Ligand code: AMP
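In the block that follows, a single chain appears as structure tokens, in the form predicted alone.
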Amino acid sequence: MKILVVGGGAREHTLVCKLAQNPIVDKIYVAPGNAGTSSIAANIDISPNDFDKLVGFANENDVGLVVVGPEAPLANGIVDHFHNAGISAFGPTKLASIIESSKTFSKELMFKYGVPCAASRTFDTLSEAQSYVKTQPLPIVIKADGLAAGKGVIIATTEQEALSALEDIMGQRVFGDAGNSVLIEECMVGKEVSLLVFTDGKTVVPMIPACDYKRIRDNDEGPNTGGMGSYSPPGFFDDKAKQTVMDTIAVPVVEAMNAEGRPYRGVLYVGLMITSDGPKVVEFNARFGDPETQVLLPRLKTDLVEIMMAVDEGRLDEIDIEWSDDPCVGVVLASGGYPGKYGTGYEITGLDSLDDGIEVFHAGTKLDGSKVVTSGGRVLTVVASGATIAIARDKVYANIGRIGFEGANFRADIALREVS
């Protein structure tokens, strides 16, 4: 089998590593990939948003399965294009991907079908949103309706912060068309956790839970990023809590999407807040999370190709999905200035100085001759497993400092709450 993976981040590098473990896979292509994927797959210089070129490449190279990583191509209907060309593709259709691409849609879906979530209102004009904020208790959550690379959510602790966030999103259009409308939500209190599920639209199978860290600095300070690290599993989220989420959120939402004429196949990411009233939805994503994928897939024992083919063919009920008991911790190494302005092109050193068992998943990297250099904000995710969270965490932090590039920085508190 030949596989095409669409995307170029650490999530896609992780997917490539796991897919390559299947003995029948003899070739993996990645569009566009990065320096990490180039060592185990063939990078191809095609944009994830150039569907015609991607379909043409898949046909010319006898690709049997396409795996889509990023949210934007999914939202724009990439899976539909491949299916229309008779090529198997893992991921939801454009109709189903709206559960991530429009926060207003997902919120209205939850309200309609009684799925627990935060109270909220949607606004299409800046003046109405600003007037509403002035009447609400603080803190308050401001969300751009559309896709904003994980950065379109602001938790405002003061009225001025909330008004500034609205001005940035709807006035200055810092997230482009994602800010055509905004959701203003109550700020839920509790612990956050991510539960991803595989589904073929009929069968819904949970993965193991994970926690990620969205703020740039320790102690959850600073602006939101695409994610600065993650770990799995969180000790506070047991099997009973997972079953509650399956019964009240994951399964009802898949059934709701069917009822709405938007059958969902692929991975559904359920971002949760564990409140005093039970689990509530923070957000849905229509794909594997990043950085959660980097700590989930190393724990997956069942062959990923088999799972993906079963999802695409509507026979997930035939697959027994198993996971390793060993916890996993991942820490993101980012460029100086991220998530704001940052430089690129800096040589990365120390990648060959790490202990056995340490995995490094590339994101913002590329090859410059024989050198690996930075090319993005989140550059690498350094990952380790161990018998306990503490052991896995110690392994990561004993190694991450050996990797260097100009302006490199990382959070020092990933998974700390699990061991302190």
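All values derive from a computational prediction rather than experimental measurement. Start at 1 with the first residue shown and count on from there.
Beyond what is shown, the protein has a form predicted in complex with ligand AMP; the following relates to that form.
Which one of I216, A85, V115, A118 is close to ligand AMP in the model of the complex, taking close to mean a heavy atom within 4.5 Å?
Contact check passes for A118.
Quick check on this chain: which one of A72, M273, A310, V251 has a heavy atom within 4.5 Å of ligand AMP in the model of the complex?
Residue within 4.5 Å of the partner: M273.
Taking ligand AMP as it sits in the model of the complex, is V282 near enough to touch it, meaning that at least one heavy atom pair lies within 4.5 angstroms?
Yes, contact at 4.5 Å.
Answer for D238 alone: is it within 4.5 Å of ligand AMP in the model of the complex, judged on heavy atom distances?
No, no contact at 4.5 Å.
Does E186 make contact with ligand AMP in the model of the complex, using a 4.5 Å heavy atom cut-off?
Because a heavy atom of E186 falls inside 4.5 Å of ligand AMP in the model of the complex, the answer is yes.
For D326, is any heavy atom within 4.5 Å of ligand AMP in the model of the complex, or not?
It does not: once ligand AMP is placed as it appears in the model of the complex, D326 has no heavy atom within 4.5 Å of it.
Pick from 299-307, 138-146, 260-268, 123-131: which stretch has non-hydrogen atoms within 4.5 Å of ligand AMP in the model of the complex?
Residues of 138-146 come within 4.5 Å of the partner.
Within 4.5 Å of ligand AMP in the model of the complex, do we find a heavy atom from each of V197, K242 and D317?
Contact check failed for every one of V197, K242 and D317.
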